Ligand SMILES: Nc1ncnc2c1ncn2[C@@H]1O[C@H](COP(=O)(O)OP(=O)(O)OP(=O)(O)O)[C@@H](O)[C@H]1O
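Shown next as structure tokens: one chain only, the form predicted on its own.
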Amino acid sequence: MNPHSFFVAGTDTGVGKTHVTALLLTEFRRRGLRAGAMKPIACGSGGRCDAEQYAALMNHEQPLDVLNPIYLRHPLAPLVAAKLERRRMDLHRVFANYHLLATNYQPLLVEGAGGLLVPIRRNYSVADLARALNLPLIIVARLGLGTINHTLLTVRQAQAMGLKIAGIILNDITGSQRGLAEKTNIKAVPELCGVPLLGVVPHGNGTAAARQICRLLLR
């Protein structure tokens, strides 16, 4: 296990995994570390924008096909999208590209696709990929109402599969005025999950939060 590389998992789709990963990558690089990030599997009509963002932050040191070995056009679970597009999910490319990047970048951030149980192939989920890569999880969750259930489910699934969890990041994806749920979740989520809270990323400028989180991850 690479102690300073991580698999960035979400409690759901749309929780801001890419935003958080980009913040951490930027901060690691600001510290002078040869950090990198990859998106093994991308699905969506918007193109490969996640991997393109990482490529730009890495000064285009690696081809896009290395950072994102599998791209599917439909915004669906990889298993479903691959069936529609009659594509074979070539995980050998994923593992080969990961090992290429892992030998050249540390920390290396690997962004998952949706939640842990999103199917990649039949009987093979995002959690299985994280386990195969032997990386600790950074779990990105929404800050607002409903996040306790989603986060507990994610943590328990990870633990059931023997995955190590580095911590949880609560991401404010709405930027609206924080109500009671947002205020209490900051304390309740780590207490109920039994997993460290790495930080809370505010809507907008998350630079200060990223600095705090990276300090914790590098300890």
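This structure is a prediction, so every number in the text was calculated from the model and none was measured. Note that residue numbering begins at 1 and tracks the sequence as displayed.
There is also a form predicted together with the ligand; it is not shown, and the following applies to it.
Checked against the ligand in the model of the complex, the candidates 153, 186, 173, 161 yield a single residue with a heavy atom inside 4.5 Å, and that residue is 173. The candidate stretches are 76 to 84, 111 to 119, 127 to 135, 90 to 98, and the one lying within 4.5 Å of the ligand in the model of the complex by heavy atoms is 111 to 119. Using a 4.5 angstroms limit between non-hydrogen atoms, residue 211 is distant from the ligand in the model of the complex.
With a 4.5 Å cutoff on heavy atoms, residue 196 does not count as touching the ligand in the model of the complex; it lies far away. Residue contact with the ligand in the model of the complex: residue 24 places no heavy atom within 4.5 Å of it. In the model of the complex, the ligand lies farther than 4.5 Å from every heavy atom of residue 182. Within 4.5 angstroms of the ligand in the model of the complex, the stretch 18 to 36 places a non-hydrogen atom from each of 18, 19, taken in sequence order.
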